[in-house]
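Shown below, as structure tokens, is a lone chain in the form predicted alone; questions about how it binds or moves come after it.
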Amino acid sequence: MSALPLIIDTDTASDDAVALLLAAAGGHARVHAVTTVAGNVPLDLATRNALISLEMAGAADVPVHPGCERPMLRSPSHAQHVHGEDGMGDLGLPAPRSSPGTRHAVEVLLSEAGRFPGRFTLVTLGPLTNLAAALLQDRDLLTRYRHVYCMAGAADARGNVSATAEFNVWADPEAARVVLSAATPGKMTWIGWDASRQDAVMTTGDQLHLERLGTPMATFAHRVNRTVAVWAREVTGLDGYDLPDPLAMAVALRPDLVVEREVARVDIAVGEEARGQMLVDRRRGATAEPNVTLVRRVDTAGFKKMLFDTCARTVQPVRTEEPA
């Protein structure tokens, strides 16, 4: 099977970092570029963490391009109480050897899809600010991607940042509305926190297995999620911590892992009381056409096998000069 050409948009913190390992070191994809956005952490940290993660995956030659440093209309909100002040479990990780690219993320999202229409799959792992900004310049941008997979939302309206909202959508709900207004089910798939909460939970046994693999990537993946594990135990009540961004990446790399999906008409609440909540219209005879495919359940065993197989690999770091 040929490697899937990917562009990844990320607000890189601990679970994004594991998703980058899956993409860059798992053998299923060729990462063409990474773009970063403020979300879990401020933009400078998201960019730094992306560079560190790619180096860990032996892919320091992949260019990383910083993008939007704040939501479209709102003040920035971050999740450092979940991922640590540095977004990576506060491990004191050394600075990356490589440096960010010189182009803005929005320019990259526009230009690469324009140069090679239909070639790239786009995977978004953070707030949708960069993609929305690109769509405001090119309304037909989504048609130039092979497919767009977004870690976004909670289709069952059970939230992780509020009672009903998932963080990526809550952080910039206006951007999510822009993206959905341009979406069609054949071009866009959302993998929400509802699927992650059910099918991507790293139990105590899973965490021990990851730690015992003993490779640099496995140790990295285990340790960067240490603050997430504490937060999950205290807030979400799961039997371990979940990995929403790696789950979304796994679906993009292997759509056959999906065991339940739904095609629906989705909008996003922007009022403060229900900010970021997905409004899924399931009424019969509703006038609006469906605009997105929602992944509702994923093969848990298949996802974890992909994760463990990737982290069991030993890769050689790639040294590079500053990307253009």
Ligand code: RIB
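Numbering starts at 1 and follows the sequence shown. Since the structure is predicted, the reported quantities are computational estimates derived from the model, not experimental observations.
Missing here is the form predicted together with this ligand; even so, the following discussion is about that form.
Proximity of H83, L125 and P244 to this ligand in the predicted complex is complete: all three residues have a non-hydrogen atom within 4.5 angstroms. The closest non-hydrogen atom of N40 lies within 4.5 Å of this ligand in the predicted complex. D199 falls outside the set of residues with a heavy atom inside 4.5 Å of this ligand in the predicted complex. For E166, a non-hydrogen atom is located within 4.5 Å of this ligand in the predicted complex, even though that partner is not displayed. This ligand in the predicted complex comes within 4.5 Å of a heavy atom belonging to M151. This chain is displayed without this ligand, yet in the predicted complex the stretch 167 to 175 from 107 to 115, 167 to 175, 128 to 136, 229 to 237 comes within 4.5 Å of it by heavy atoms. For the stretch 15 to 47, the set of residues having any non-hydrogen atom within 4.5 angstroms of this ligand in the predicted complex comprises D15, D16, N40, in sequence order.
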